[in-house]
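We begin with a single chain expressed as structure tokens, specifically the form predicted alone.
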Amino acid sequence: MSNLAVLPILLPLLAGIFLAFIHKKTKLVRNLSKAFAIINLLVVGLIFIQVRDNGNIVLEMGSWEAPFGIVLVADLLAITLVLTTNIIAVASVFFAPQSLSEKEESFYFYTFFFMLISGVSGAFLTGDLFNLFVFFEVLLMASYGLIVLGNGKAQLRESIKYVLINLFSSMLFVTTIAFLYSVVGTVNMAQAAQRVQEVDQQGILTTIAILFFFVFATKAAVFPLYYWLPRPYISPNPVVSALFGALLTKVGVYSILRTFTLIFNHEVALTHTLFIYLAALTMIFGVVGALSTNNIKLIVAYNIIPAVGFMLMGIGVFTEVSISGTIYYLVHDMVIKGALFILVGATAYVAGTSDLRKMGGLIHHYPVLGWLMFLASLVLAGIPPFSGFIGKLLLLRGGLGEEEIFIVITALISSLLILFSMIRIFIRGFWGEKMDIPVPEREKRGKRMALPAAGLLTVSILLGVGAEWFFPTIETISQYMMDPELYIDSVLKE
């Protein structure tokens, strides 16, 4: 047993609490936040190396043995996603001073920021379903504080919608956990995975599995439960949009991936076939939304939805290759969505509008910002040799291997339409005749805003061109996910 597993949760939580006491000292809080984020990234990086080289780290809180106590499980999947989360956190904390006013920073932004990182990390690391619910609530409470940071009727309206949707899904979540406990007598994921195979109530368990999927699909924005997502994600400040777009739906996707490979794998013909059809519809409707708007922030927000469809496709196909594709695409999408939300936030700031019809010629004044946007569009669409291509290639191979031709064709068409929706921003917003000479302060700040996105884009490009370095780790994770006994044995020590 090692206490290392709790550090990715504890360090940002303590940082957020400490910063709450000095929130009015904006410059000090800003610098401390950058230092805390970097330290947390380094710590998580060391834990990742430890897990990769030596296997799972299982922490039994209070020395209560599993399955009776609270368990944190830092396996290779969880720590990879926690590491990705902290890469995005570092970029966001450097972007925040350029995006927020000093007044907004002083209203506990950094406290809520670190609480969000703590909650997301806890959701990835927890080893039981009830504490998955708890960490969902921690990250949601932090997101409530972040989404209302600012003012305006639109933000208030979208905040109410966001809160109500998540309150409903949270009530259903805890109720469904109670249903599962009544059947298998445990909320520990490893023991639940054992008992699901032993209990002679497969029909009831399948119903419970569908309820869990409904909860996670609401949070992940799977069709038809995606309708709430786009506008609440663009109504707050751009740095908050970047955090939401990069992290929140991915926790829902992770929950589906974890529970339906570990616990609910007893009716694959039903549940996972459903996933394939929902994945196709999610791709189609997400792309249609992205093509239907001229708001550059909405274009990126809608493109979250087809990405979720790609990840769900891999879970539905349910082979080692397709699960590798889901994991690779999950990591890729977390990074590139963070970069894109920062880029469109910077673009809207320097242009003074987020409406494509009122833009043009920005490339002449902001060439770095323009070419970063162009490159990010290629990465998102999956153009070779970038990371989006590697993830999609694995997903397509998995689909073709199982002769799921319908979902493969849908994925290919969606990829082309994603590229078209994003290239519109570059062609109509950056290309063309010069706009009026920009305000010097806005020009200077706009250039600084692009730097954190450049860092995330570099990571994303490395995931693609350096795939031979990263793929062995992803392949190891997928093999591990397809053999639930490995997780069960590490937690229950059997």
Partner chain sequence: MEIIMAVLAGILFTMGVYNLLQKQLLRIIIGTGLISHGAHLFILTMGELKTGAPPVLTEGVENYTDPLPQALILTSIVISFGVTSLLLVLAYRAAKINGTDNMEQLRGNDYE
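Residue numbers count along the first chain shown, from 1. As the structure is a computational prediction, the values presented were derived from the model and not from experiment.
There is another form of the same protein, the form predicted in complex with its partner chain; it is not shown, and what comes next is about it.
Between its partner chain and the residues Leu262, Ile423, Val321, Met141, the one pair within 4.5 Å by heavy atoms in the model of the complex involves Met141. Note on the partner interface in the model of the complex: the residue among Ser106, Gln98, Ser159, Thr271 having a heavy atom within 4.5 angstroms of its partner chain is Ser159. Although the partner is absent here, Ile234 sits close enough that one of its heavy atoms falls within 4.5 Å of its partner chain in the model of the complex. Contact annotation for Gln201: none of its heavy atoms lies within 4.5 Å of its partner chain in the model of the complex. Proximity of Leu417 to its partner chain in the model of the complex falls outside the 4.5 Å heavy atom cutoff. Under a 4.5 angstroms non-hydrogen atom cutoff, its partner chain in the model of the complex lacks Ile413 among its neighbouring residues.
With its partner chain left out of view, the stretch that reaches within 4.5 Å of it through heavy atoms in the model of the complex is, among 327 to 335, 375 to 383, 401 to 409, 294 to 302, 294 to 302.
Contact residues in stretch 173 to 188 (any heavy atom within 4.5 Å of its partner chain, taken in the model of the complex) are Val174, Thr175, Ala178, Phe179, Tyr181, Ser182, Val187.
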